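To begin, one chain is listed below as structure tokens, in the form predicted on its own.
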């Protein structure tokens, strides 16, 4: 059995833990297994850049962040675009798969990576995929590996802001990763007691945001903390077409949306505003225990699927039970935060403002 393995897209803390789960379960349950690790994601598959992995390669990496075989971003929309040099990315990947006599390919990745995984399935390759993303936005699974570790880091950043915000009596904005989906900001904000949480799915009214801050001030609370997703959007901007909004963002005189929000709050309240951006620290470091367990379960199930020849599916989890989801059902679908969901209702019930 020859199994290809690659990690694609943005990195996260549990990629190594998941690969370890796949490898250990394969080695323990099949007699003759060879694992081929493609370097830097789909790029390695395209250009036949790989290494033959040994059992020792998967030893001691459960707690190690990042990915031992590297990763890269390969936009799905360009996958079928032939380069100026005539290079056909899809044909190149298929050729590598067949030249190495692979029985299947295991892909660890987020939304774009799953779309490419499904494309390769449609092209006749045996694919098993695993849900990686700190955004927790993959359809069909309750949880993705990397999410809880990122929540822990973002929460700690907001926790640390509390003391300095209280000391100086300022408004602090902490910008959390998440362009299209706000799960990470929502969970980190709730976990750390943010007073205002702004998400891509719930366009905000700056006047409502200011009103929430002023209400706290009148109650004698000297500071306010906003957890803002990097993809947070105002009600006015939400009315723009995608093209109009992209053009506006391109000419925006601020480094990010948080600075724009901060400036508008400052103008309306006269309060000092400070912006903190944890950035890529949210992807880094060691995976938390929850992710280590989840990754091990995901990897182990992937190995069982390989042994059974059950391909064309993504491993997921629902109600704490591992499930197998057809890739065609996953590809291209985002799991968004529902503004009418119970978690939003519960957050609002304790006084958290979403600016709406």
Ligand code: F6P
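Numbering follows the first chain given and starts at 1. Since the structure is predicted, the reported quantities are computational estimates derived from the model, not experimental observations.
There is another form of this protein, the form predicted in complex with this ligand, and it is not shown here; the text below is about that form.
Between 268, 235, 283, 162, only one gets a heavy atom within 4.5 angstroms of this ligand in the predicted bound form; which residue is that?
So the residue touching this ligand in the predicted bound form, by this definition, is 283.
So which of 88, 230, 103, 122 gets a non-hydrogen atom within 4.5 Å of this ligand in the predicted bound form?
Exactly one listed residue reaches within 4.5 Å, namely 230.
Among 90-98, 152-160, 241-249, 171-179, mark the stretch whose residues have heavy atoms within 4.5 Å of this ligand in the predicted bound form.
Selected stretch: 171-179.
With a 4.5 Å heavy atom cut-off, would you call residue 138 a contact of this ligand in the predicted bound form?
It does not: once this ligand is placed as it appears in the predicted bound form, residue 138 has no heavy atom within 4.5 Å of it.
Considering non-hydrogen atoms and a 4.5 Å limit, does this ligand approach residue 198 in the predicted bound form?
Because no heavy atom of residue 198 falls inside 4.5 Å of this ligand in the predicted bound form, the answer is no.
Interface membership of residue 194, this ligand in the predicted bound form, 4.5 Å heavy atom rule
No.
Is there a non-hydrogen atom of residue 208 within 4.5 angstroms of a non-hydrogen atom of this ligand in the predicted bound form?
No, residue 208 stays farther than 4.5 Å from this ligand in the predicted bound form.
Heavy atom contacts to this ligand in the predicted bound form at 4.5 Å, residues of 150-169 in sequence order
Not one residue comes within 4.5 Å of the partner.
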